[in-house]
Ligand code: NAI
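First comes one chain, alone, set out as structure tokens in the form predicted on its own.
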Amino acid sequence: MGIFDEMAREGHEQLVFLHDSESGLRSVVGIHDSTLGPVLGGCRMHNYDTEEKVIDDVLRLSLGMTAKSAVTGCNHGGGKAVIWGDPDTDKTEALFRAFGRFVQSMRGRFCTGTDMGTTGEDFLIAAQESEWVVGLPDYAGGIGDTSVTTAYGVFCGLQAAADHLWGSGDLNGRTVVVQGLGKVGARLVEHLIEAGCTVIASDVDERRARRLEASFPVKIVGPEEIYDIDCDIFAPCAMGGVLNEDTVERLKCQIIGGAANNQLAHEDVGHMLFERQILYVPDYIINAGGLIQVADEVLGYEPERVRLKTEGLGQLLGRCFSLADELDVPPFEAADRLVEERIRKIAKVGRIFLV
């Protein structure tokens, strides 16, 4: 399938390819839907295997950002940027200044900040060239690390899922498997330990896993073992697409909810989970804390407002679960209906002619 066919399939508006030979920048910005307002989405840096995987990731991630913004009541469209490169070896001042320059050229249509593989310090560099950068470090006058809010939102979402399935949001005594111990996964582990959970965790970077093990009472297992562990909750907090036909058959849990984007390899996997009576928490709701934080920065950052909105993700998920039960559909389909309803209604408002 060609690029235009891929864009048409999910209704993407724009793909922008960015290249700077001097710095080595290779980047793609995907804009999915701008119905709700200017597009907001983070910038991921990853060493992809092929160009096709770069494009596929930016299309999927930008689609997810539209859903995330719509369902949480934010007035932003969905977009995403990816930089093709190794975040451990390829970062330079010139690369992020070139990226910032390109973002500035979009004149506010796209606003971006940190994501997997990028940091607030990276965007301090990009901000030298663009005013359309958010999520800068607090010491530089920004809102700080969005992974803190994202992890808190995931924890609140797991409490909501537990309340829906087991009649109580108390996670004390529950066994939780956490896949991925990056910025969000590690902070989620902290919340779970404080709540009295038994935590089993894994990361493809063994050094990162062992550092966490030295700080918290967690059991570390290998990346391939993670799917075969008896647990109450499985929390994917790494790359997307980890829930597929093979891994779903191996899972021994009752709830799946985590920080990773696009956890389902495709929709059929969501139906497999539904048939197995595993409660899958829609990823673009449970991991929306970071979006809530950066969207609030655009309004004029108020930490207490962000905290309350993030805690409200639990109530939003409660609505989603109730709608799914009412319609007898998987929760991800109920979430999609909430997204489509808001975009449809706001699009109609936009048809009102103003002089």
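We number the residues from 1 along the sequence you see. All values derive from a computational prediction rather than experimental measurement.
The next section is about a form of this same protein that is not shown, the form predicted in complex with this ligand.
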Revision key, fill the gap. For this ligand in the model of the complex, the stretch among 160 to 168, 84 to 92, 237 to 245, 133 to 141 with residues bearing a heavy atom within 4.5 Å is 237 to 245
Review point. Quick check: do His12, Leu40 and Glu297 each get a heavy atom within 4.5 Å of this ligand in the model of the complex?
Key: no
Check your understanding: Taking the shortest heavy atom distance, is Asp203 within 4.5 Å of this ligand in the model of the complex?
Key -> yes
Point to revise | Residue contact check: Gly77 to this ligand in the model of the complex, 4.5 Å heavy atom | key: no
Exercise for review: Indicate whether Gly185 is a 4.5 Å heavy atom neighbour of this ligand in the model of the complex.
Suggested key: yes
Exercise for review: State yes or no: in the model of the complex, is some non-hydrogen atom of Leu181 no more than 4.5 angstroms from a non-hydrogen atom of this ligand?
Suggested key: yes
Study note, to complete from the structure: From Val189, Ala260, Cys111, Val281: within 4.5 Å of this ligand in the model of the complex by heavy atoms is Ala260
Study note, to complete from the structure: Assert contact residue (this ligand, in the model of the complex, non-hydrogen atom within 4.5 Å, options Ala98, Val218, Met116, Cys231) equals Met116
Review point. Going by this ligand in the model of the complex, which residues of 72 to 109 come within 4.5 Å of it through any heavy atom?
Key: none
